[in-house]
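There is one chain below, alone, in structure tokens, taken in the form predicted on its own.
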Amino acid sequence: MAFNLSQINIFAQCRKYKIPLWQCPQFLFTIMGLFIMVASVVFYAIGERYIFDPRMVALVVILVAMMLLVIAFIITHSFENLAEANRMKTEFVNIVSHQLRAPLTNLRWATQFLLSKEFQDSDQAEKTDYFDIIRENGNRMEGLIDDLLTITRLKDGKLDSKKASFVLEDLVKEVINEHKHFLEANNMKVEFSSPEDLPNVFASYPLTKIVLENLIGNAIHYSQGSKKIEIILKCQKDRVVFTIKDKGMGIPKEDQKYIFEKFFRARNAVYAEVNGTGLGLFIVKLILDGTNGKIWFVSQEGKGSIFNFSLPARS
């Protein structure tokens, strides 16, 4: 895990958890650390007076300090877990209520129209439009719930993360085929290439499929009129690299550093009203970080994106 300088900033951590300073785990740990130092000095002074061997005094002080430090760490770690759980709960309520409010409003509005006299008098095309609204918003809420369940199961270790050797090319073809009807309906084409001597990958098959579904689904839905998506598999040293290229809307430069954060969506995607939960790439990163995988991308707003990930190869 990469070290972040903000982790040693007590006030930044307390703001992150949105709790008072006296309840902040980092602040409590700092106070306990100061208490341990003072206690060690006091104990040393007492020990020096009553214990004649200075080495024994130093040993006892070190043992006591270490014991107090361990206790302090356990206590503050427990507080940190509680604070993180509270922060996640607040974030979950705020984001989910925002994500669900729009589709629920649309569903209520469409349902009210279906129950009204105007619906009976409307033509078939208008009726079909309202049924499409209900279907699309239902799918939107279902997607959000599925993503949240996936994240919960990943963190709880309830998804199959058992690694095995398998052919990545076959899995890519399977995921592309699952999008076949959408691709045909939108006159889109996926160009897929893979070398004949490509080795198998050693990873979790179900989790890798989730990664592919998110990356391929994103490339399709964010292409914005582009009719071609390119997927390439290749081997680099002891890893198999998956690359997907689209010529869609791309990601604004100022948004790229946040793209793997939970619930984050680039501004141009929001403005274009492309449906999404902001969880897909977070899930992809979460899976790859936990399975010895790597992910990186390059993107330019208005010109498209290239996403890559690699997995360990297995001969």
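Source: prediction; values computed, not measured. Note that residue numbering follows the sequence shown and begins at 1.
Form predicted in complex with ligand ADP: not shown, discussed below.
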Students should find that, of N137, S204, N218, T150, the residue having a non-hydrogen atom no more than 4.5 angstroms from ligand ADP in the model of the complex is N218
Answer key, ligand ADP contact in the model of the complex at 4.5 Å (heavy atoms) among L68, A39, A58, I259: the residue is I259
Looking at 285-293, 261-269, 60-68, 31-39, which one sits within 4.5 Å of ligand ADP in the model of the complex if you count heavy atoms only? 261-269
In the model of the complex, which residues of 228-255 put a heavy atom within 4.5 Å of ligand ADP? D246, M249, G250, I251
